[in-house]
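Just the one chain here, the form predicted on its own, laid out as structure tokens.
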Amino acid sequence: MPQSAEKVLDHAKLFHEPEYQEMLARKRDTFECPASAEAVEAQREYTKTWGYREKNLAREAAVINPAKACQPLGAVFAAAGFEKTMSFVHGSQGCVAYYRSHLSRHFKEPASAVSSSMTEDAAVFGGLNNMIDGLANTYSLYEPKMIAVSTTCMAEVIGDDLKSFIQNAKKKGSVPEEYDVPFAHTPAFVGSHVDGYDNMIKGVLDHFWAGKERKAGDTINIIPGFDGFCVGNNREYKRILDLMGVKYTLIQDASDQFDTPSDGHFRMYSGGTTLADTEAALNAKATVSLQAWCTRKTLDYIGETGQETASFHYPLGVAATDELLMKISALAGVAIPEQLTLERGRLIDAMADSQAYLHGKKYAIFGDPDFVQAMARFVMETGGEPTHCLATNGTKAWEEEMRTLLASSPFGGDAKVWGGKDLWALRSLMLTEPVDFLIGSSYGKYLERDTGTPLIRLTFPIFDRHHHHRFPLVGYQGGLRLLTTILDKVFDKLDRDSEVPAKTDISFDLTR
């Protein structure tokens, strides 16, 4: 046997052993009704053609590998950003296992969430009893300060009413009457994780603000948005705001929750926006969203309270950070400190130093609408061309904003915007109109393999690399990290393209 106590192989190498290769061959021949190698190769070549691309892009009845997740995932992430809050998903246990695993695989940290464990009987008769028992168990076992309730498909299809269910559970004594149980309906069969994030943030704010009179103060609320880089990015936001001397509340701060230390003490809850600060945020002078497309309902709700609102699209690079800092400066009535001006200059200097290697590079970018918009803008700042910009959860309005952005730069002239398309469609786009680099999540590794296009992992989820999320991408300092990450891939490709002795190593440079 290839595996023994003295010889333990990783699964990647284990299945290369002769015994497993023979087993896989028998399985293929016996059960998979394989086509001939020639037929498979012919079909593979056909999927690279413009003819197949037209059929692929015309698809309406099937979605293949969408670059999005479902609403409850966003709600679970949102809940993780509040003080000692347990996310309670009203629905099936298997769904909640997916949300927890998705977050824990990205952050390499435990992602706590509980389920009402609805099964067939609840699907027929409703999940009230599951809610009553589930809230009681959550309250007594995990001792949270707040339980944030969201829903899965099952609860939404049968029409369970969260507000009345929670009220009934309180009457039954599951939790005290005054206990905080905000909720949001998050049907997984519409929208995406960014909508779930939006719905949950709005639900939390409405829970604390409803029926209260606003007394305007001078604090600025900051909503980061759904961000797989929240650990590094939120800390960078706070550093910048502290340098500026701004009084602020970061609403939904999951940076500590997904970055707990190994010191012998397990922390089910860590950090997060305090419930007192969340309630007091009603009295802020203004609220600024750093990801407009995943806070649309929330900003509308906040605007109705009389607060001024402003929104941005994930501040990556020079111009986007400039705009954010100038807005914060105007809202708070403070100056932008010299240290941030120096950081800006250093980022511009670094971009100029590397201009020769970045100018004219073509990119395919996929991910959430705010990320794609921000990354396309940064790429154009470096002289690159965002050839394909795809967001499965991008709307028609997002497409229009993207076209306006791309038209603002000579580097966006040939770019195309693809809202509502999936990664199988992106494969056709990249095979028919090749690019130099692909920017997105770990799911792009299959596109990298099929098209030979190097993947730069810069957005959620990143499963197959570790600790990227611990470093910021936003602001001027984050811009340096972003620039370096892209450049490393550029130089790696240059080295691979010139590494064969006496054939391609004509210019295998040591100095670049």
Partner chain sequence: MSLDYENDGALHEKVIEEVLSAYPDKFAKRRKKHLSVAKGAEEGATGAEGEDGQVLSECDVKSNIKSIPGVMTVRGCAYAGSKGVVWGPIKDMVHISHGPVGCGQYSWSQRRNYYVGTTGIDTFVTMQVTSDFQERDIVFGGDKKLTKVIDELEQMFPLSHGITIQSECPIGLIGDDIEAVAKKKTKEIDKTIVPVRCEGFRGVSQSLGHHIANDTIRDWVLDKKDNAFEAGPYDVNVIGDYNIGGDAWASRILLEEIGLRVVGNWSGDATLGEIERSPKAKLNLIHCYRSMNYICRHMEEKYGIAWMEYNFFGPSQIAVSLRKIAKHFGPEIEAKAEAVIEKYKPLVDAVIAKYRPRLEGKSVMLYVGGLRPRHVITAYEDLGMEIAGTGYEFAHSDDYQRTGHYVRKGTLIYDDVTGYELEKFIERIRPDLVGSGIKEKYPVQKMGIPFRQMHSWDYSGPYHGYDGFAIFARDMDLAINNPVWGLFDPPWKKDEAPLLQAAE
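Residue numbers count along the first chain shown, from 1. For clarity, every value in this text was computed on a predicted model and none was experimentally measured.
Keep in mind that the form predicted together with the partner chain is not shown, yet the notes after this line are about it.
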The stretch from 407-415, 368-376, 240-248, 96-104 that lies within 4.5 Å of the partner chain in the predicted complex, judged by heavy atoms, is 96-104
I'd like to know if L510 sits close to the partner chain in the predicted complex, meaning any non-hydrogen atom pair within 4.5 angstroms. no
Decide whether L455 counts as a contact residue for the partner chain in the predicted complex under a heavy atom distance cut-off of 4.5 Å. no
Close approach of A350 to the partner chain in the predicted complex, 4.5 Å, heavy atom: no
So in the predicted complex, does K108 come within 4.5 Å of the partner chain, heavy atom to heavy atom? yes
Of these, G306, P176, G333, P261, which has a heavy atom no more than 4.5 Å from the partner chain in the predicted complex? P261
With the partner omitted here, the residue among T273, S117, T321, T219 that in the predicted complex has a heavy atom within 4.5 Å of the partner chain is S117
Across 6-20, the residues having a non-hydrogen atom within 4.5 Å of the partner chain in the predicted complex turn out to be E6, V8, L9, D10, H11, L14, F15, E19, Y20
